[in-house]
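We give structure tokens for two forms of one protein chain below, kept apart as structure 1 and structure 2.
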Structure 1
Amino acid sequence: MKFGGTSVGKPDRMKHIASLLLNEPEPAVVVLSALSGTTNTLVEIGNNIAKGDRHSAQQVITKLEDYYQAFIRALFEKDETYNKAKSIVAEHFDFLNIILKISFSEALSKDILAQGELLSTKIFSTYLQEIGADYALLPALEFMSIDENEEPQIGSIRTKLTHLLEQHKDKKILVTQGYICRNARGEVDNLKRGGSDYTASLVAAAINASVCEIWTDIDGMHNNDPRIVDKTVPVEQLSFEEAAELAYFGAKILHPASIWPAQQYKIPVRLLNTMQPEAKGTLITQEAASTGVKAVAAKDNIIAIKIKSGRMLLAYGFLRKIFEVFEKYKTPIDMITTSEVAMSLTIDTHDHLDQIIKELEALGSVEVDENQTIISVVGDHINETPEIIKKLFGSLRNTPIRMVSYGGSKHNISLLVAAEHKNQLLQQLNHGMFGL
């Protein structure tokens, strides 16, 4: 059971989660995120230190500490547990204050980011102690790890976690940190923003759980982005493939990589609403229960690159040369389209962009468009349903489309548009494809 930032972000919500857990018949590993807003604040602290602005970093740390002090004052009733929580908060903020004096490094910034999940899990565990619940705290840094390619090592996660669980066989609630892990150098690292979902799926796969529940602030995966579109509805069921496409192409409710571990180990995933536990939410399983369009998602900050070469005409090997450049800089490509003389593709990171462009320029003329958005329409076998294609293209109206990707997967049709057209297009698709 994974609870996200908003689900643990207020003292009352923590109490509510504790009561959900007490009513849970099966033993559960409980993966917690940092309290909402904390990771953003830790990013800000790291950025200030990186810039050499220690004064601003200090101010942000003090404000965050005040917030945690107030949080625990509201959460605890008994002196013993309140004092314990107070010393936990003091310990982590002492650490942040010490870091202020050390010279900045990438590894140090990861240590800063880890404080959110460490704090939330220790505070929550202390609350479980206060109410007399039967719990244990499993330190994620002792079992969650990634290799030199930043891939989780599921075999080793399984061995270490199983060992830890054996030490707490009698416990029903096993609390652990989402997001944080150790890297190949043994340093503290993380699974990237939103990574607690990924932790939950990895843990579920590692222990062969009966279900992986992702508890958040909305009643499941909606058919469109509820932050942008007025009228959206929850989707009752999705296949792993549909859910993976939606997560990868921008549905924020799930971390982009969070589906594969559950899919590979055939663990059903449920998306549930902490604020409304009785709502059905979304069930994600092997097969799609129905065909047709399920949802639309948008992925921002996309860079489109077009490489044009007179020499591509009938030239095999041109694509390989292009892909080798991206392989060299470990930069994944999301969308691709080709014509006889040019190829367009998209990436989602500026890391190494300058070097990539320089190397591509040796192969042909290069055009770069930043600030693009991929809009993906996802559903089982949608590319085989002419009616859907008609509705989709009918919904576009006059929106200029930079690229279309169709046929790469049976479950996804993607469009690339300039970011300024995103909101309107999501709305048009909501109306045109879902009649909402």
Structure 2
Amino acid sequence: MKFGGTSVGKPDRMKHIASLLLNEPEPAVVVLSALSGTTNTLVEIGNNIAKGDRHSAQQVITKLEDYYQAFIRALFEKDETYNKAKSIVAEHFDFLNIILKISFSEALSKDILAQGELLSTKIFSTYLQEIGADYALLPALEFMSIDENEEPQIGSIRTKLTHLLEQHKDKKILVTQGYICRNARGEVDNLKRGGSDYTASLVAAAINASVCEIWTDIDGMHNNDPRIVDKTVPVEQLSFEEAAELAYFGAKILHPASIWPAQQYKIPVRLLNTMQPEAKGTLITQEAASTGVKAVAAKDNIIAIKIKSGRMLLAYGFLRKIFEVFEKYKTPIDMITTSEVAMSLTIDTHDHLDQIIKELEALGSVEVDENQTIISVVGDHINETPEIIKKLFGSLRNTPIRMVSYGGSKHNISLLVAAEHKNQLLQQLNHGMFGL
């Protein structure tokens, strides 16, 4: 059971999670994120230290410590557990104050970022102690590891975690940190953004859990973006392939990487709402519940690149040369279309963009369009259902489409539009595809 930053971000929500766990019939490994806003604040502290602005870093540390002091005052009722939580907060903020005197490094930055999850899990465990719950704290740094390619070592994770669980087999609630891990050098590191979902999925796979539950502040994955579209509904069931497409192409509730371990080990994933625990949420399993369109997702900040060359005609090495440029700069491509003399593709990062364009210009003329959005229509076997294609293209009225990706996946049809048309097109697709 993974609880995100908003789920643990207030004292009453932390209490609510504890009550959920007490009513849980099965023993549960509980993965916690940092309290909402903490990771961004820790990033700010690290950035200030890196710039040599230790005064600003000190101010941010003091403000964050005040926040945690207020948090534990509201959470605890007994002196014994409150004083324990006070010592925990003091210990971690002593560390943050000490590092102001140390020269900045990448390794130090990772240590700073780890403080959020270490604080949330220790505070929550202390609250479980206060209410007399049967729990144990499993330090993620003792079992969660990545190799030199930053890939999780599932075999090693399973061995170490099984050993830890054996030591606490009488405990019903086992609390651990999301996001943080050790790297191949044994240093504190992390699983990048969305890493708490990844932790939960890796733990579920390692212990062969009955289910991996991701608890957030929304009741499952919706058929469209509820922040933009008025009428959206939760999708009751998705296949792993459908969920992965939605996550990759912008559905914010789930990080794309987090699906993979559970999918590999056939562990069902359930997306649930901490604020509405009785809601069904979304179940993700090996098989799709039905064919047809399930949801629409949008991925922002896309850059479209068009390479045009008269020499492309019959030049079988042309595509290879283009792909080698992106491989050289480790830049993944989202969408791609080709014609006889041109090729259009999209990327989602500005990193190395100038170098990429310079090398592509040796192959032909290059056009770059920024501020684009990929809108993906996702479902099962949607490329084999003529009625879906008819509805989709019937929904595109008055919206200029820059690119279409169709046929690469039986689960996804993607459209590229200028960002200014995103909201309008999401509304149109909601009406045209779902009748909402």
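For residue numbers, the reference is structure 1: its sequence is counted from 1. Predicted model only: the values in this text are computed from it and were never measured.
- The form predicted on its own appears here as structure 2.
- Hinge location among A34, L272, K299, A304 for the rigid parts moving between structure 1 and structure 2, by C-alpha fit switching from one part to the other: L272.
- C-alpha superpositions between structure 1 and structure 2 give a turn of 8 degrees for the smaller rigid part relative to the larger.
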